[in-house]
Each structure stands twice: as C-alpha cells, then as structure tokens.
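Quick setup: one chain, the form predicted on its own, written in structure tokens, and binding and motion questions come after.
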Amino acid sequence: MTKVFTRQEILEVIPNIDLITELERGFIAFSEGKAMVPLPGEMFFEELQGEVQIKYGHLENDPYYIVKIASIFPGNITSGLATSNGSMLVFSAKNGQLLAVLLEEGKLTAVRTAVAGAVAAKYLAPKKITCIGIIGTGAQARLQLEYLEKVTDCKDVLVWGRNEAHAKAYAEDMNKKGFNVKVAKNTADIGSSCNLIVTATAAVAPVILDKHIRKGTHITAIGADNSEKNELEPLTLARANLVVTDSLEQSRSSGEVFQTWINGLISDNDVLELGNIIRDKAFQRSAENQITVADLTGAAIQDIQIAKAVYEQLSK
C-alpha cells in the first residue's frame, strides 16, 4: 500500500540525515554516468507568472526511482498562500509500484538546494572565509546561510536585498541564530568585503557586477534555474579560474553558464561538473587568490538523493 507522509513528518526526520554526504554521493554518481536523469519538464503560466517543473530520475542499482513536481507562483503572496509547493513520489525500481508520496510542499526542494550550496562551498571556497555575502532575503537565502554553517566557522555576514525592510528583517532573524549579519548598502559593498558570496534571487539581470568581485572570491549562484534568469555577469564566469555546474547538460539551456555560453564567452571545456570536483582534489581550488563560481541549476540528482534518504528514515 502506498504511504503518504506530511510536511511535518518529513521535517521531523531531516535532522537525522547527513544530507551533505548524501548529495556528495549523488553528484559523484551523476558525473560518473551512473544516473539516469533526463532534462526537466517545464510549464509556464505567463499571466500568473507561475512555473511548474517536473524532475525525475534513477541512480544505478538504487531500489527506487523518483519523480518530483514543484511549482512557484509568486502571486500567491497576495492571497496568503505559499509561493512554492511540491511533492516527491517514490517508486519501486523493481516493479514500478508507487511506494510513497512525500507531501513536502516545496520544503525538500528548498533544503536540497541549500545543501548543494554548502557542498559547493566546501570544495570551492577559500580556506579562510572572512565574510559571507548573501544577495537575496527570501527563504532560500536564509537556508543557504544555515547550511553553510556546516562547512565554515565564519559568522560574519553582509546581506543585500532590493527591499531594505526585508534585508533588515533577514539580519534580525539570522542574528538570533548566532550570526553577525549587517545590511549592505549595495552589492558593491558585498563584493569588496566578502570572499564567499551566495546569490539567491529570481533575477533576470545581474545582481552583482564583475568589477566588484575581488580575487580570491567564491560565488555560488543558485537562482537561475531556467533560460531567462540571470544573476551574474557573463564576464565573471569568463574570467573565473574555475567554473563548476551541477549538470553540464542542464547548463546548456539554463543558468549562468548558459548566459555566458550564448554570449560566446565560454565553452563546455571551460566548465566542470560538481561531482568531478568532489571526487578529485586535482580539480578543486588550488590557490587562495583564485575566483571560483558554482552555477547550481537544480539537477534532479539532488531530488533523488534527498527523497530516498527521507523515505528510508520515515520507513524505519
């Protein structure tokens, strides 16, 4: 019989899972060609500015395959509804039976994205992080900082958002969690003060200029998950010493790598997959003055890993 698990049940088991290790294993297997992960399906509802993504896949020798349906409807905020939603379906890879429905309401997507950001920083950020820059003030911007705590001791943070009131609220909330967060006047201040920067926005134009990014900085860009969104200037990726993506195939049609590619400033040979970075130290940051960029477009391998880990915890 198919089991149905609620958002609350899912939230209760997440702390019991080593998600960083789970995602690392997934990224490695994906880059080794041991995962069947087709490109996502997408639907757009232009009048409502709504977007639905369907991601799915199977890791070699796993007893499960996963299908995720996730949506973002920004207009929901005016009616008091959540702007993001979603469910993950866990099927048996042996007989196709639906084993479980994870009614995660977008929470697992949010968490796995934050964990992926921490994984990228673990392998690409400089050894000595002096200040963390967060561009964006939403739920993902908060989760990114919370999960970075698992890979760095740095507590000093600068945040910038288009809405100053939201930025101040972000600082107040995250300071209560043990961080030392100050509000930046602009993103130029973040570029000059921070050597680990996370962009967590839905921007369709760069939110930080290349000229403001100093040597020795690592940037994790997570907002651009389709062909229209864009958070970094293509010049930033073009001059970076190391450009990394979660999925080379997906980056050919979305994200910062895609934006740089269509401008003729980068090729496939200039980009490495995160899984290859994790498994081979030779590909990781080799000097403190290097500029590194991780373009995380949201590869389904992340959904596969978190869904099966959560399901197994819930089934204990």
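Residue indices: 1-based, along the sequence shown. Keep in mind that this is a model prediction, so the values were computed, not measured.
Only in words, not in the display: the form predicted together with a further copy of the same chain, which the text now covers.
**Q** Counting only non-hydrogen atoms, which stretch in 245-253, 55-63, 262-270, 279-287 is within 4.5 Å of a further copy of the same chain in the model of the complex?
**A** This holds for exactly one stretch, 55-63.
**Q** I'd like to check something about residue 71: if you look in the model of the complex, is any of its heavy atoms closer than or equal to 4.5 Å to a heavy atom of a further copy of the same chain?
**A** Residue 71: yes, in contact with a further copy of the same chain in the model of the complex.
**Q** Can residue 152 be called a contact residue for a further copy of the same chain in the model of the complex at 4.5 Å between heavy atoms?
**A** Flag for residue 152 set to no.
**Q** Do residue 87 and a further copy of the same chain share at least one heavy atom pair within 4.5 Å in the model of the complex?
**A** Output for residue 87 is yes: heavy atoms within 4.5 Å of a further copy of the same chain.
**Q** Tell me, yes or no, whether residue 176 is in contact with a further copy of the same chain in the model of the complex, where a contact means a heavy atom of each within 4.5 Å.
**A** Output for residue 176 is no: heavy atoms all beyond 4.5 Å of a further copy of the same chain.
**Q** Which listed residue (169, 103, 209, 203) meets the criterion of a heavy atom within 4.5 Å of a further copy of the same chain in the model of the complex?
**A** Flagged contact: 103.
**Q** So which residues in 38-55, when you check a further copy of the same chain in the model of the complex, have a heavy atom no farther than 4.5 Å from it?
**A** Contacts from 38-55: 38, 41, 42, 43, 44, 45, 48, 52, 54.
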